[in-house]
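A single chain, nothing else alongside it, follows as structure tokens in the form predicted alone.
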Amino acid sequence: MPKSFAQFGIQLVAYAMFFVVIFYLSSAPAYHYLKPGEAEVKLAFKHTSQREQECHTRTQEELQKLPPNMRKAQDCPRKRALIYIELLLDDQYLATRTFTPPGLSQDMATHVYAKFRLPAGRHKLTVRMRDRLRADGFDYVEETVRDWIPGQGILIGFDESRERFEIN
């Protein structure tokens, strides 16, 4: 049975209303990720921290006590140190975070990801990281003074080959 003109008209109106709603939602209401006058800092990288303990060279007596298939001269514990990061804005703490290495033995590379908002304008940004088992001091420090533009995204990564932070 063919569709009547009324059914076709109702269907056309329903489609038109659907498209008007889709068009409206695609352009409004406006979504602003950051507040006016804010910039965002993202800390994102993968880093393998140092071992918690140094490797131990086994003596001949220790090697003889082990089964033949386990006689390796070096005994290296697998567990790695926590990664501790401080982020300072104009010498004031913006954040401090501790990242635990993943894995059953906590021996894998740690994926660091965190984001922070900061006011736009000229600021001194300092990133400090400790990846060894100790109470104080830092292994890597990077400082930059820049003008942050409202709405700007800043990425802080770590270059393993150069052993330094990169701020983009």
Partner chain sequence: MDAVRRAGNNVILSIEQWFNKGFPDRLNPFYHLGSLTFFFFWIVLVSGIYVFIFFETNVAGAYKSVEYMTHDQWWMAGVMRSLHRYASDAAVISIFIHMFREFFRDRYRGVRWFSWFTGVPTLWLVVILGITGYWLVWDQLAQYVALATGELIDWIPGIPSAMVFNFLDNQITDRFFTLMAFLHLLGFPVALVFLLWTHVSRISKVDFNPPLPLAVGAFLTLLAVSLVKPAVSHAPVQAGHSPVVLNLDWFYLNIYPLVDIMGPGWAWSLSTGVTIVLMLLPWLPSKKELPAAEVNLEHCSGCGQCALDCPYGSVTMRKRTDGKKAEFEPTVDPGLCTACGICSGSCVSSSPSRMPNTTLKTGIEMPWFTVDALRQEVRSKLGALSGTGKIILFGCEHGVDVTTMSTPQTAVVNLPCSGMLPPSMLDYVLKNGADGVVVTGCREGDCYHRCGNTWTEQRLSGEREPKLLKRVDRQRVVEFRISNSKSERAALNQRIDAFRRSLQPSA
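Positions refer to the first chain, counted from 1. Note that the coordinates shown come from a computational prediction; the quantities given were computed from them, not determined experimentally.
In what follows, reference is made to the form predicted in complex with its partner chain, a form of this protein that is not presented.
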Contact of residue 145 with its partner chain in the predicted complex (heavy atom, 4.5 Å)
no
Hey, in the predicted complex, is residue 112 touching its partner chain, heavy atoms inside 4.5 Å?
yes
So in the predicted complex, does any heavy atom of residue 40 sit within 4.5 Å of its partner chain?
yes
Even though the partner isn't displayed, in the predicted complex is residue 32 close enough to its partner chain, meaning a heavy atom within 4.5 Å?
yes
Among 51, 124, 46, 134, which has at least one heavy atom within 4.5 Å of its partner chain in the predicted complex?
46
May I ask you to list the residues of 15 to 51 that have any heavy atom within 4.5 angstroms of its partner chain in the predicted complex, in sequence order?
15, 17, 18, 19, 21, 22, 23, 24, 25, 26, 27, 28, 29, 30, 31, 32, 33, 34, 40, 42, 44, 45, 46
